[in-house]
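In the block that follows, a single chain appears as structure tokens, in the form predicted alone.
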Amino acid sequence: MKTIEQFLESKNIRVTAMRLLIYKFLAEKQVAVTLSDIENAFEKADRTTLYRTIKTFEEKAIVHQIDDGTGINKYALCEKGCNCEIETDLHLHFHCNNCNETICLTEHKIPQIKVPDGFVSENVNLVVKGVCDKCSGQ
């Protein structure tokens, strides 16, 4: 099993202490997080560094951005083997209307959607909204 350092290096990302900390923070979360959540967790860190780290992780398919309809983008680690490709790596997200958390439902893949000739898909986002298992008591 690769260490986090080896994983980042395999994605051609220079390993820094902040990148390691942010990766570990995201790995510990069971839900998608906002940039504000990351800023709050690392109050003494420079906001620009945090933003650039998330953007680098996104560009290198380490995290994916989730638009859950709240107007605030959230981020979650990609599952192993994900390249954030529309054809193969898309999954459902669930947004709880009660606790406002968004989780990846990686076991539920979005089927490939064929768009008409001349159209080019750049992003696909499917969010199921409702009440999560914690809030429903189930």
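Computed from a prediction, not measured in an experiment: that's the story for all the values here. Definition used throughout: the rigid core is the maximal C-alpha set that superposes within 1.5 Å between two forms. Residue numbers run from 1 along the displayed sequence.
The discussion below concerns the form predicted in complex with a further copy of the same chain, not included here.
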Exercise. Okay, which stretch from 65-73, 37-45, 24-32, 52-60 lines a further copy of the same chain in the model of the complex, with non-hydrogen atoms inside 4.5 Å?
Worked result: 65-73
Exercise. So, in the model of the complex, is V127 in contact with a further copy of the same chain at a 4.5 angstroms heavy atom limit?
Worked result: yes
For this session: Please check if R14 has a heavy atom lying within 4.5 Å of any heavy atom of a further copy of the same chain in the model of the complex.
Result: no
For this session: Could you confirm whether C132 comes within 4.5 Å of a further copy of the same chain in the model of the complex, counting heavy atoms only?
Result: yes
Exercise. Does a further copy of the same chain come within 4.5 Å of any heavy atom of N97 in the model of the complex?
Worked result: yes
Exercise. Listed by sequence position, which residues of 102-129 have a non-hydrogen atom within 4.5 angstroms of a further copy of the same chain in the model of the complex?
Worked result: I103, L105, H108, P111, I113, K114, V115, P116, D117, G118, F119, V120, S121, E122, N123, V124, N125, L126, V127, V128, K129
Exercise. Comparing between this form and the one not shown on the rigid core: C-alpha of N12 shifted by 2 Å or more?
Worked result: no
